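Here you get one chain, nothing else, as structure tokens; it is the form predicted alone.
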Amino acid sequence: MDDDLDTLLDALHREGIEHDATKPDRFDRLRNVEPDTARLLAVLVRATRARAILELGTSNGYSTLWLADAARATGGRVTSVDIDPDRSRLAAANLDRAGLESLVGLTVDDAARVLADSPAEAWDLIFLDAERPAYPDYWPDLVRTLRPGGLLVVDNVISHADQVRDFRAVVAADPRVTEALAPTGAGALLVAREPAPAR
């Protein structure tokens, strides 16, 4: 990561904290990931050599910038989805400031619809940071669209443990995946789809 991008990410993180402190309604907040979680995401993209990356929950593009910078290293591309067109426009401006716009396709849509429309095994890595009560309904398409050996990262599993309890139970019961909790930031659940059997 170059110094200019590092400086921009620091500024966006500070702006996000200051913005959210003035918004009593959570839906008005940017709700960016913690820097430690963003850094973990970037490492995971590089470690898995992920090229087809899906982000569900763009917000202002803070995490998108981390993913895009990592995708640049793997020759990959990020598709980032948010239901709010204003947030998507803000993310587009931040990607342009960072010079990463060519590595990201921004989509204004519902996460469930994007997942349902994605081909089987389409994604190498999925980052899920959306409306948590919907996650159990997303699960069939999350695991269907994740390639064998691919990785799903879910944010806020410690900070909002009660809201993801049902989802975590669904994941834990599915023999197609293996999961582990990384206690960084607000808590990141790492879910790996089992690789295809060796021939």
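Here the structure is a predicted model, which means the values were calculated and not measured. Note that residue numbering begins at 1 and tracks the sequence as displayed.
The form predicted in complex with a small molecule exists for this protein as well; it is not shown, and the discussion that follows is about that form.
S.K.: Can you work out which of 93, 122, 116, 83 has a heavy atom no more than 4.5 Å from the small molecule in the predicted complex?
M.R.: If I apply the 4.5 Å criterion carefully, the residue I get is 83.
S.K.: In the predicted complex, which of 128 to 136, 145 to 153, 160 to 168, 43 to 51 comes within 4.5 Å of the small molecule (heavy atoms)?
M.R.: Contact-bearing stretch, as computed: 128 to 136.
S.K.: Given that the partner is absent here, does residue 111 sit within 4.5 Å of the small molecule in the predicted complex, heavy atoms only?
M.R.: Yes.
S.K.: Indicate whether the small molecule has at least one heavy atom within 4.5 Å of a heavy atom of residue 68 in the predicted complex.
M.R.: Taking the distances in the predicted complex, the answer for residue 68 is no, it never comes within 4.5 Å of the small molecule.
S.K.: Going by a heavy atom distance of 4.5 Å, is residue 87 a contact of the small molecule in the predicted complex?
M.R.: Taking the distances in the predicted complex, the answer for residue 87 is yes, it comes within 4.5 Å of the small molecule.
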